[in-house]
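So here's one chain in two forms, each on its own in structure tokens, numbered structure 1 and structure 2.
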Structure 1
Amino acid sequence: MLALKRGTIADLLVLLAVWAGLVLLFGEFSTGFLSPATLGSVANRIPALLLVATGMTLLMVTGGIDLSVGSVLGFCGTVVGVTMVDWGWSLPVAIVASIAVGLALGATNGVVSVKLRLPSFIVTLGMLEIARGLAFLAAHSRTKYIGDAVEGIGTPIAGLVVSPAFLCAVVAVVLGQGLLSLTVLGRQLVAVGANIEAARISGIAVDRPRIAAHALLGALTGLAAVFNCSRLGSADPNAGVGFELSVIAAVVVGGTSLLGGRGSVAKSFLGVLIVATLEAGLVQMGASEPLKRVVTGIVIVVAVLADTWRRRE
């Protein structure tokens, strides 16, 4: 156990060093990148990514994956826009509605993939299309402008450079790591991902934690949609296109295995910081969107190769 703790601390230090190196690198080649305003801007852009990466970590620990999170984010954001703009609901009620819709879609992914014994990437690939279509249908293919009613969540707190959304996302990271490390459900998630047959023989009802991981990811994506709306001041049915790539990149960079059985929400948090800093630094240096996508893809491949190498040790 002591060796495991030392290994985890070593991994965290390596990830922290990589992030610090990126900050210093972009600070050297990009004017103003090291300013509090720029770093605060980076922090306030990642709450949605942090929330979904937390849920994705818990799911990937089981050996599953969800490719639909970008589309679910877009649909849940549309739910926020429609309920507030068209129906006149208050923000708290719209938040509950968004989380409930995300929870329902995530649970659907879990039930279909687990009970029908289908690969989760196939099921969630189908949900990717379904949720995106629902987003356009619900919004009639139009952006819903919400404005001040939601922007306060993503606005920096007076005297600080970070927003309530960022602080909430950090709390979710802490709770997610606690769930994974300190609860029965967390141990079941790891056991199922490490060896599902051994977990079944040991008496674990293996379907429940897998479905629970899908459902929790969906709920966190619903909340992330609110944070995304707060940052933009609007709900766009196109929101979240390609978002799943950033989420998976951050989680894999954080050391969570694509094959299941190993993962850490705390390390995924650092993975999010690395990916977000990399994207922000490239933008600051004038990189195009296609180049950013190329770099994100390379990061995923390198992280997977590193994971494969660690498994062979």
Structure 2
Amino acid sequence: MLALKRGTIADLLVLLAVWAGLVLLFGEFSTGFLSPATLGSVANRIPALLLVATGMTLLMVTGGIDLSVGSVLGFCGTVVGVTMVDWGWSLPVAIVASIAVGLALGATNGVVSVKLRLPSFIVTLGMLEIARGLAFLAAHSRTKYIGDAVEGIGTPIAGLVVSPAFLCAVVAVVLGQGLLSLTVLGRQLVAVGANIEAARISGIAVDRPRIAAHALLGALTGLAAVFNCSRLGSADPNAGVGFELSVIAAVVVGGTSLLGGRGSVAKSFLGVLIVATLEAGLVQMGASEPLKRVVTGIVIVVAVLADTWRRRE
């Protein structure tokens, strides 16, 4: 359906093998890892990461990057908190507000970097500071407890081990991959990332897909903020500090190029799974925080190396 080419399937298999290897390894060396409960808890932890990784993949395909996703996640979360707790909005309206705010910030990143011809790295570095500041201002630096009204999205569905948020994130991954490989916009994202001059000369209005990718990532980050709030039952203006690096690591482990022109949402999904499983497994084995970080760092480099080598052959 998604019209994947043979090479792509092989790529997916490599990542799947890495993931399966990790699962089996942790299953072997720790107790209770291979239980539905543990695997379900891994699944329910990653919806926000999945959504943002999907958007980041599409953006990185164009050759852009967004360092502000962590801050935007924090700010959109406070929007959910403030609108629901202080203003008494209902969840659906708050979700729309959060997505709209994310969209606006993402579009700002896109318009400023594309129209003023500044590297997106710098513009979003600025936004990283700005959005975090806004989050604290909006929340008066206070954590907001939202409670049941928002928790449903993040809690496992009765009978299933996974949450609505996870299912929703999986749908977003499928749609994102479809967007990339089946739509006109998707092909334009690739063209712009691979060779922007050629794309321009071919009659593509190159600014549009680039701005669209930024805006879409912003909107997905807005939705991710809702999922994050639902998992914690509260909105914390500190949420998402350092999140951008986790997202980029997962996307890059999934084989998306930092230089643009090449990337796959499906592979980013596996990248997220690998990173999340690694983290959960290390905790399960009782690894200390420092050790966890050392192992995570090594695995990131090795995973990218494996992917690159496969491609070089």
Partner chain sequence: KPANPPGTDPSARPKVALVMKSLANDFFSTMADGARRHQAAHAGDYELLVSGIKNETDIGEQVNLVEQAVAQGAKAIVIAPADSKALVPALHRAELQGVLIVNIDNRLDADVAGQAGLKAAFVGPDNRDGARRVGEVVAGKLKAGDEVAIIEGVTTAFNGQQRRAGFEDAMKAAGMTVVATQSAEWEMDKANAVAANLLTSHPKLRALLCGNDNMAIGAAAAVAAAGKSREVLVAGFDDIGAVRPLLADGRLVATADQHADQLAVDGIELALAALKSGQPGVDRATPVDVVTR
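All residue numbers here refer to structure 1's sequence, counted from 1. Please read these numbers as outputs of a predicted model, since none were measured by experiment. Think of the rigid core as the biggest set of C-alphas that the two forms share within 1.5 Å after superposition.
- Taken from the form predicted together with the partner chain, structure 2 is distinct in origin from structure 1.
- A movement of the C-alpha atom of Leu16 falling short of 2 angstroms is seen between structures 1 and 2 when the two forms are aligned on their rigid core.
- In this core superposition, Ile298 moves its Cα by 3.9 Å between structures 1 and 2.
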